[in-house]
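The chain below stands alone and is given as structure tokens, in the form predicted alone.
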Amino acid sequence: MERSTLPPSIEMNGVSKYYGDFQALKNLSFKLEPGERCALLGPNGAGKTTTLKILVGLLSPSSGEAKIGDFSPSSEDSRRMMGYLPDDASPYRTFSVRENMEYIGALRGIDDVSDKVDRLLDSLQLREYEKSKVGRLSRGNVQKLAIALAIIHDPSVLLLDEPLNYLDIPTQETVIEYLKNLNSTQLVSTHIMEVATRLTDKVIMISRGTFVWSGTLEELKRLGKEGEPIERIVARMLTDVL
């Protein structure tokens, strides 16, 4: 890949985050090189969602610095290049599926918005619901729509919080294939190892807001005994720091 076509890096340098007296992140540092696809692994309460919200500019760190390429996450430059799927995605409930997609597509400045919406409706099996109000959709179809809204502008940086939640198997496969074909740097927050292995090549492990380990999935497998499931390796590493 030529340097000019590389997507931006994702970086956190010594980031701490407090909610009142509670410290959710503790001097957290890591970096994703341009084009890397990485899973942010950790148990519930590890600080994964807080990390994503800081990187997308929804929260400010109490100390330290987060960067998307050369920019602050809260800058217009960063926001133009980012796509974000929160863990509690809530598209406009009184809009239809198509209205949500056309509205976000227009805000993103996409040329031929209607054409792009048509392609995503078909790819994510949402065509039959395009005129349905979001408030009447199943949780799985809301998730499909939220994914469509996150990727509609083909972002060069993609931050995803449990992206395969609520999806049936055919849609999971469609989403996995679509994400793999994007020229983007991707950070996927999950506590499910299968999601990490299907979507990413690298792991950043955190627990209680603290960095635990980082490396490729192959390096992670080599930390275990012969034939040991990768889930057991991860569980042991996380248990050791609890």
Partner chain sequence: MFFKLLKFVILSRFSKQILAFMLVLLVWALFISSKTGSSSAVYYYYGPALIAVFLILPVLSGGIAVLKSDRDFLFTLPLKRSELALSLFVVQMLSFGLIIIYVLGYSFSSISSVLPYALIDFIALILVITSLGPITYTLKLGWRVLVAILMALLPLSAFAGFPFSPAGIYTGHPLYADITSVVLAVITVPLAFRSLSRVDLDLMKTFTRYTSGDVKRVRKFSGMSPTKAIFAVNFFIVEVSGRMNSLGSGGSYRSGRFRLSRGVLVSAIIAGVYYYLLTYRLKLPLHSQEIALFIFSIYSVIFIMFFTMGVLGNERLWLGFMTRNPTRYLRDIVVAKSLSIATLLSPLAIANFLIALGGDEQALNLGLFLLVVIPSLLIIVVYLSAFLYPLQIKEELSMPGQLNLRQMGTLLPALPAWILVTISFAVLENGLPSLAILITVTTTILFALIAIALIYSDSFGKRVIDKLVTSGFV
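Just so it is clear, the structure is predicted and the values come from calculations on it, not from any experiment. Positions refer to the first chain, counted from 1.
As for the form predicted together with its partner chain, it is not shown, yet the points below apply to it.
- Residue 59 is the only one of 217, 212, 59, 176 with a heavy atom lying within 4.5 Å of its partner chain in the model of the complex.
- Taken together, the three residues 86, 108 and 149 all lie with some non-hydrogen atom within 4.5 angstroms of its partner chain in the model of the complex.
- Only one segment in the set 48 to 56, 187 to 195, 201 to 209, 29 to 37 has residues whose heavy atoms sit within 4.5 Å of its partner chain in the model of the complex; it is 48 to 56.
- Although the partner is absent from this view, residue 127 stays clear of its partner chain in the model of the complex, with no non-hydrogen atom inside 4.5 angstroms.
- Remark: residue 92 counts among the residues lining its partner chain in the model of the complex, judged by a heavy atom distance of 4.5 Å or less.
- Among residues of the shown chain, residue 136 is one whose heavy atoms approach its partner chain to within 4.5 Å in the model of the complex.
- Using a 4.5 Å cutoff between non-hydrogen atoms, residue 168 does not count as a contact of its partner chain in the model of the complex.
- Of the residues in 60 to 79, those that come within 4.5 Å of its partner chain in the model of the complex through at least one heavy atom are, in sequence order, 60, 76, 79.
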